[in-house]
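This document opens with one chain alone, in structure tokens, the form predicted alone.
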């Protein structure tokens, strides 16, 4: 019992204190990170337990000097078979239910069709902020009520970003910190995937099937956009950058690059 207690404590410590994830830069990230820590803790417990059992078996049941032949054949231990069947069943059931809860809190069960994606975005953000202890008033103060619309086109081998506000077309995504972004994504050729590790977002972009992706950045900086779906011979080079800026800096960029401003100058 002491060994089991130490095993569980060690696995939980590893899951909570060993961070393998990149920096968190969106309000989505804490929810994903919460699930990762739980799965990492369970994995650490199982790994340490199996490693300890293998090492114990190698020492305890090693061949002694003078011994020949195979060891004693042991079989038919019903309680042990029930134990090693019950433990994985309980773990899988827990992980499944917990993952579904995370998926629901992230808004995964919301209707994602175009006609309702603005309302869905608001409900999704409320779920996300609610999951990390923020009230509705805090949500409104952080996100405003006007998501930034961006149209994303994926093609071999680049991402193009179109801002209806200002009619801007660019290969680099610019977004203001603290404001929700609602992206309508389409592919011109094959299946691609829009992945920003720091945002904990990865969404397939499928030909003929527009996809809506909502997120809210919360940390200023530049973060890589990676295509995470094999899309051709130059798939590894299909990358871009998302630039998270202060609202004033974003407004300045938007004004500087808008076609109306360009025509006036």
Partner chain sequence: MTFVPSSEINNNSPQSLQPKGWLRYFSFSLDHKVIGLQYLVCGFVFYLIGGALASAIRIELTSPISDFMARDVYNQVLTLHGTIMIFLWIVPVVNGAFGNYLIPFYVGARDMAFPRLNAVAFWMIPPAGLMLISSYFITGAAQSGWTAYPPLSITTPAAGQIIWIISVLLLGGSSIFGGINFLATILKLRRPGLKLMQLPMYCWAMFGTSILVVLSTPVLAGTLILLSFDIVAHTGFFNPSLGGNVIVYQHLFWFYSHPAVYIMVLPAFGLVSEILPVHCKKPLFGYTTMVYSIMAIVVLGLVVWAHHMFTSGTPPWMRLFFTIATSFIAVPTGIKFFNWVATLWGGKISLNSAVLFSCGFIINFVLGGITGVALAQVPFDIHVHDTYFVVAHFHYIVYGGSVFVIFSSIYHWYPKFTGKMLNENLGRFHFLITFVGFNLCFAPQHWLGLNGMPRRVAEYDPQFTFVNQLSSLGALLMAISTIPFLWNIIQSIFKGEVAGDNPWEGLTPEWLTSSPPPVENWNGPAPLVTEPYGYGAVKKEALDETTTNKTESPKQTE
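Superpose the two forms; the largest set of C-alphas matching within 1.5 Å is the rigid core. Please read these numbers as outputs of a predicted model, since none were measured by experiment. Residue numbers count along the first chain shown, from 1.
Keep in mind that the form predicted together with its partner chain is missing from the display, and what follows is about it.
K.L.:
Name the residue from 160, 148, 177, 191 that puts a heavy atom within 4.5 Å of its partner chain in the predicted bound form.
P.N.:
Going through each option in turn, the one that passes is 191.
K.L.:
Would you mind picking the one in 153, 156, 170, 182 that has a heavy atom within 4.5 Å of its partner chain in the predicted bound form?
P.N.:
Of 153, 156, 170, 182, the residue with a heavy atom within 4.5 Å of its partner chain in the predicted bound form is 156.
K.L.:
State yes or no: in the predicted bound form, is some non-hydrogen atom of residue 231 no more than 4.5 angstroms from a non-hydrogen atom of its partner chain?
P.N.:
Yes, residue 231 is a contact residue.
K.L.:
With a 4.5 Å heavy atom cut-off, would you call residue 99 a contact of its partner chain in the predicted bound form?
P.N.:
Residue 99 belongs to the contact set for its partner chain.
K.L.:
How about residue 66: is it within 4.5 Å of its partner chain in the predicted bound form, going by heavy atoms?
P.N.:
Contact check for residue 66: no, nothing within 4.5 Å of its partner chain in the predicted bound form.
K.L.:
With heavy atoms only and a cut-off of 4.5 Å, decide whether residue 88 touches its partner chain in the predicted bound form.
P.N.:
Judged by the heavy-atom cut-off of 4.5 Å, residue 88 is in contact with its partner chain in the predicted bound form.
K.L.:
Though the partner is not shown here, which residues of 204-223 have a heavy atom within 4.5 Å of its partner chain in the predicted bound form?
P.N.:
Contacts from 204-223: 204, 206, 207, 208, 209.
K.L.:
Does residue 171 show a Cα shift reaching 2 Å between the shown form and the other one after rigid-core superposition?
P.N.:
Result for residue 171: no, shift under 2 Å.
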